[in-house]
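First, one chain by itself: the form predicted alone, in structure tokens.
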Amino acid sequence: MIITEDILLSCENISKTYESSRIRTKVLKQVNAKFKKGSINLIYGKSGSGKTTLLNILAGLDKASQGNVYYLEKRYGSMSDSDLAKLRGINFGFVFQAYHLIPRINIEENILCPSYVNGNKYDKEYYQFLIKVLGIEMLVKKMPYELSGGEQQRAAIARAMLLKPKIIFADEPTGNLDTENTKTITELFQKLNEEYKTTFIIVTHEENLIEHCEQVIRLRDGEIVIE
């Protein structure tokens, strides 16, 4: 595997098959992709196209049935589960459609969770920048149930960005939001990408979610569609 200087993450011949009793379902079929440092990438497809499965494999949250994923020179398959978890904790951030905020703690504590979990100190000035640019600095002492869906998603983005990850994996991050909040979130992604050169890999069913992005990977029935 040759790693070019600007490629941060890549996958080779990724296939995924789920088996239950006598049924075998092939979700991904020989998928190849490369993601450059500091790029915004969309994985686009209809429901059932395999896009979330691909995202989870790229993020090291699921294992491929066949093929390899590389973060720089590191091949996931050569790493122990604990080493892969450490790589994720240091280098990756995650944003989900359902927000996944912890209901019993306030917004500030939710945002700071990655620091507690990974045992890494966070940059306090950067934290202040995040909550300001995300427009939630007046909300951090509130509980999740007191926030709107758009506000909860912005808090989830702050949590994902807290430790300055190299890659943000976002699974349908605007799926539950109205048009105005969707625009706010996509503009924030672009601003954070420009300011910090964070790479974004975003699963979406909206092909034009972000106008200016490095690449759009179109999936249909588990395969990349070349147009």
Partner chain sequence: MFISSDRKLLFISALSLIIGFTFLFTITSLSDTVIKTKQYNTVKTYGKFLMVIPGISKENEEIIKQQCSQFAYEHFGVVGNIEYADKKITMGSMKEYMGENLGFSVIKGNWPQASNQIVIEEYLLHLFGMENENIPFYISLKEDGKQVKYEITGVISNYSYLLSTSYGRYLETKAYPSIICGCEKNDEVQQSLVIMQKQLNFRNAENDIDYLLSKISMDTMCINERLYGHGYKDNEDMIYTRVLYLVLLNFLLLLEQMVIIRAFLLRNKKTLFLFEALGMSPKERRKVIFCLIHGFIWFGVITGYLLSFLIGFTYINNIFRGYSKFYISSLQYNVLVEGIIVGIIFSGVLFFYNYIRNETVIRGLIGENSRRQKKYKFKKLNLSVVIIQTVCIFFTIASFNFMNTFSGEYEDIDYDLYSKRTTVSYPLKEYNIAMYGNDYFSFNALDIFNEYKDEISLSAEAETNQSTILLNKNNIDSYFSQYCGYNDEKLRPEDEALWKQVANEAEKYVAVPVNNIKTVVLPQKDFNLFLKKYEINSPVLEKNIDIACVLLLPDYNKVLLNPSIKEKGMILLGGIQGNENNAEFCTESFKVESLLSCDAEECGNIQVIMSEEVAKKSKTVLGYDTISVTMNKDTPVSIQKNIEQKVSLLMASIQRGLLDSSGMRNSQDGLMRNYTSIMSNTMLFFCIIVICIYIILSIYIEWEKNSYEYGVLRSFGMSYKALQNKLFFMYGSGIIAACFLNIFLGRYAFTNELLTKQQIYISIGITAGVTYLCRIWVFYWKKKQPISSMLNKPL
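Computed from a prediction, not measured in an experiment: that's the story for all the values here. Numbering follows the first chain given and starts at 1.
From this point on, the text means the form predicted together with the partner chain, which you will not see here.
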Please state whether all three residues 175, 200 and 206 have a non-hydrogen atom within 4.5 angstroms of the partner chain in the predicted complex.
-> no
Tell me the stretch among 25 to 33, 180 to 188, 57 to 65, 41 to 49 that has any heavy atom within 4.5 angstroms of the partner chain in the predicted complex.
-> 57 to 65
Is residue 73 close enough to touch the partner chain in the predicted complex, meaning at least one heavy atom pair within 4.5 Å?
-> no
Does the partner chain get within 4.5 angstroms of any non-hydrogen atom of residue 131 in the predicted complex?
-> no
Give a yes or no for residue 125: in the predicted complex, does one of its heavy atoms lie within 4.5 Å of a heavy atom belonging to the partner chain?
-> no
Is residue 104 close to the partner chain in the predicted complex, meaning a heavy atom pair under 4.5 Å apart or at it?
-> yes
Enumerate the residues of 103 to 121 that have a non-hydrogen atom within 4.5 Å of the partner chain in the predicted complex, in sequence order, or give none.
-> 103, 104, 105, 106, 109, 112, 113, 114, 116, 117, 118
